[in-house]
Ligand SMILES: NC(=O)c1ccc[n+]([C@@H]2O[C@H](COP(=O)([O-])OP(=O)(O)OC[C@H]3O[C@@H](n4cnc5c(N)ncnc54)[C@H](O)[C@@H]3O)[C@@H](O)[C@H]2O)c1
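Here's a solo chain for you in structure tokens, the form predicted alone.
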């Protein structure tokens, strides 16, 4: 091959805002794998993905990682304190990944987009449609990608159900039930620093909201949202912190028929419950029923003195797991990692996948992907905003509220039981 025909290795410099549990399970393995083997496509050639800077409040976890970096990884800048995000943006990053608690996504994402950086945000992207509008406008103005992580869309079971819907095998979804239960050690331990005032629905129900919206849409309309919940374990029984939430979301098909989905979430399940993280779904169609249960499809494992802490009784090896490959190479892979790798490939395609004059065309192509672009996150964010408004009302003693979507009064309108007054949460169309 001619030397001139060999594409040079380009580098994507990545900034990481937040360095907690999700980084350990997904982002770090991606950076470590990229240090060993560079991503490649015929359009871009080899791409070096490099963790360049980390921004956190204390810097302690990043410092510990810096002290024991895997072979092949270069040291990164450890930014901490009130100027952490600004320092990260000044470190020469091309893209920023935001993996902070859900109510701390908007600020770093807005700063990164305003600085002209591509952005990937952990779910939910933001907590209100007004915030989403602002991020979308910044991404459009500065010609960069703004994406959100919904890693469960890459679960093999979830890809399969979408395939069957797209192929017309499963016809006209009518209703569904989804449940995700997490142990008390999550809310009382790992999340204790930020859990006050939060709820498990915003944190994990969004996985199923996106699965429903992405897999069964887009030719229907979000109609209304209702929610109830329980308090008293994570926080006071009359406080703003929720132990569990029962969310109901109703869509309307073009033929006028409704589809209702109940999504139950909790983060106060006993720590020794066999499922640890218990996940279950059922979707009912005109001609079929789809049922899935993580424990029933998976493996059961008990290691004396090490389960269910270090080794879960029912591990999900599809998500993110360490493997010794048959050829004796150590790897970590799974759908939680694949979705992040895919984002880096999308950024590389925009920046390096062709001549500069066609960059806008490549940018538009990457923005058209409804599985992760912020432009396709409107229904999920609308449901999150509605849910949080309903729970705030409930914490104040007003239960049974309903939020209706795209009314004449506004895009999100909250109604209290027994009252003709309406509160407009979002004036524009969802």
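What you see is a predicted model; the values in this text were computed from it and never measured. Numbering follows the first chain given and starts at 1.
Quick note: we don't show the form predicted together with this ligand, though the next part is all about it.
S.K.: In the model of the complex, which of the listed residues (158, 210, 123, 117) lies with a heavy atom within 4.5 Å of this ligand?
M.R.: That would be 123.
S.K.: Taking this ligand in the model of the complex as the reference, which of 343, 76, 283, 203 has a non-hydrogen atom within 4.5 Å?
M.R.: None of the others qualify; the residue that does is 203.
S.K.: Considering non-hydrogen atoms and a 4.5 Å limit, does this ligand approach residue 411 in the model of the complex?
M.R.: Looking in the model of the complex, residue contacts with this ligand do not include residue 411, since no heavy atom lies within 4.5 Å.
S.K.: Do residue 102 and this ligand come within 4.5 Å of each other in the model of the complex, heavy atoms counted?
M.R.: Residue 102: yes, in contact with this ligand in the model of the complex.
S.K.: Using heavy atoms and a 4.5 Å limit, would one call residue 17 a contact residue for this ligand in the model of the complex?
M.R.: The answer is yes: residue 17 has a heavy atom within 4.5 Å of this ligand.
S.K.: Contact between residue 11 and this ligand in the model of the complex at 4.5 Å, heavy atoms?
M.R.: Answer no; every heavy atom of residue 11 is more than 4.5 Å from this ligand in the model of the complex.
S.K.: Tell me which of 292-300, 93-101, 167-175, 354-362 has residues with heavy atoms within 4.5 angstroms of this ligand in the model of the complex?
M.R.: So the stretch in question is 93-101.
S.K.: Residue by residue through 147-182, tell me which have a non-hydrogen atom within 4.5 angstroms of this ligand in the model of the complex.
M.R.: Read in sequence order, the lone residue that approaches this ligand (within 4.5 Å, in the model of the complex) is 151.
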